[in-house]
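We begin with a single chain expressed as structure tokens, specifically the form predicted alone.
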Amino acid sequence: MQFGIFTVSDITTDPTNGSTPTEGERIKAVVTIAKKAEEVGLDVFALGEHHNPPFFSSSPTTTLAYIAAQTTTLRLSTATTLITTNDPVKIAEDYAMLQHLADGRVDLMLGRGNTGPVYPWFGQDIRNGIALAIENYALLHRLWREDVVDWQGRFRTPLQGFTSTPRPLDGIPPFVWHGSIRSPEIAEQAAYYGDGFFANHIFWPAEHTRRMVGLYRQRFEHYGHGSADQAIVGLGGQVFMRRNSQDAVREFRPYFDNAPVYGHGPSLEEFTSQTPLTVGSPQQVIDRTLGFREYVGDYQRQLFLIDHAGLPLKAVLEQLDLLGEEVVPVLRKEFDALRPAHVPEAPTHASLKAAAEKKVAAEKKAAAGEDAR
């Protein structure tokens, strides 16, 4: 199982002292956070994409390539890549390039984002959001698997004899997670292709996430990719820890109360009781996270949000120390012990390459048998 962190790249005023980092400071801080994630033994760092204040990450592949050059084992991903408003040709090229630079340590999470105005900024209509996600991914999927593509659809100019460059590393496209909070159509899309489904359930109760993941698993089996419990599932979550749970609540409360997303709404206690947000001790985070398995089954990737709402870099790095030293080792051991042998591990470039080579060898053996007859 893979454990990591994701960031939405917000630039938010620290409510405890009124300071706001500059864009440059926040960008450098995110790089520091990613490097620290590798240092403490986490597996994944995922970066969001936004094209409006108060966010900075308008070009995730640029930042991720910079991080790739300074890391050796960290898997680089997105949270999310906007499949609706990006040209799928540019996604194919940018992420294949990143895949080569990072020696295969790349996957990506596709999504529609949560900013309505982004659609007209990029010449699209938000009312076509689901249709754009479906059509654009159909093209992206082909661009990574076919050397020459002819294409005609509703939302972009036709392609004739087009080859996306560079080609995927070793002929293996980056693994794709389809991220969604509320759209069953995206769970269906992930299942159709046999891709991963990432339920970023940071704002939703367990029952909603259970239904979404359950639908994806059911349809994954329907399309013949394996049994329902072999579907590839990732989850989001939010944590803030101190060794003493009362200290965690006291320190995090002003950040929660003033957060742009959920501040000035439900109380911290109400929110933590109804969503996966966990504010407390490392043991409380362990217990809460292990509980996710009760309503989604065995899953392959857990990402935590830890750097939002104006939290200072020092506090974020302390969260990473606690994750790496006290939380993730226990979660890794416990989840691995619970997972049945037939449930796959999280996909990597190496595992996908090995599977492709095995498939080719089996096809050659079958062809040789036919020739012999």
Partner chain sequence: MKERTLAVVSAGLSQPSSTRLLADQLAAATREEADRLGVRLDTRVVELRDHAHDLTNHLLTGFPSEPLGQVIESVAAADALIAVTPIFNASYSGLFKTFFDVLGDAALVDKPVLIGATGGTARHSLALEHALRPMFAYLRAVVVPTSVFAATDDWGAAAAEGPLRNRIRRAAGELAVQVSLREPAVAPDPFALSTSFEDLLSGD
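Predicted model only: the values in this text are computed from it and were never measured. Positions refer to the first chain, counted from 1.
Separately, the form predicted together with the partner chain exists; it is not shown, and the next lines address it.
4.5 Å heavy atom contact, R219 and the partner chain in the predicted complex: Although the partner chain is absent here, R219 would touch it in the predicted complex, with heavy atoms inside 4.5 Å.
Requested in this report: Would you check, heavy atoms only and a 4.5 Å threshold, whether F203 touches the partner chain in the predicted complex?
Outcome: Looking in the predicted complex, residue contacts with the partner chain include F203, since a heavy atom lies within 4.5 Å.
Although the partner chain is absent from this view, report whether V176 comes within 4.5 Å of it in the predicted complex, heavy atoms only. No.
Might V296 be said to contact the partner chain in the predicted complex, defining contact as any heavy atom within 4.5 Å? Result no; V296 lies far from the partner chain in the predicted complex.
Practice item. Quick one: from A248, M212, A102, L169, grab the residue that has a heavy atom within 4.5 Å of the partner chain in the predicted complex. Key: By the 4.5 Å heavy-atom cutoff, the listed residue in contact is M212.
* Select from the listed residues G265, P158, G123, G116 the one whose heavy atoms reach within 4.5 Å of the partner chain in the predicted complex. => Only one option qualifies, and that one is G265.
Triple contact flag T20, E25 and Y95 to the partner chain in the predicted complex, non-hydrogen atom at 4.5 angstroms | Checked in the predicted complex: no contact with the partner chain for any of the three.
Practice prompt. Report the stretch among 269-277, 231-239, 79-87, 140-148 that approaches the partner chain in the predicted complex to within 4.5 Å, counting heavy atoms only.
Written response: Result for this chain: 269-277.
**Asked** Who in 174-195 is close to the partner chain in the predicted complex, meaning a heavy atom within 4.5 Å?
**Response** Sequence-ordered list: R182, P184, E185, E188, Q189, Y192, Y193.
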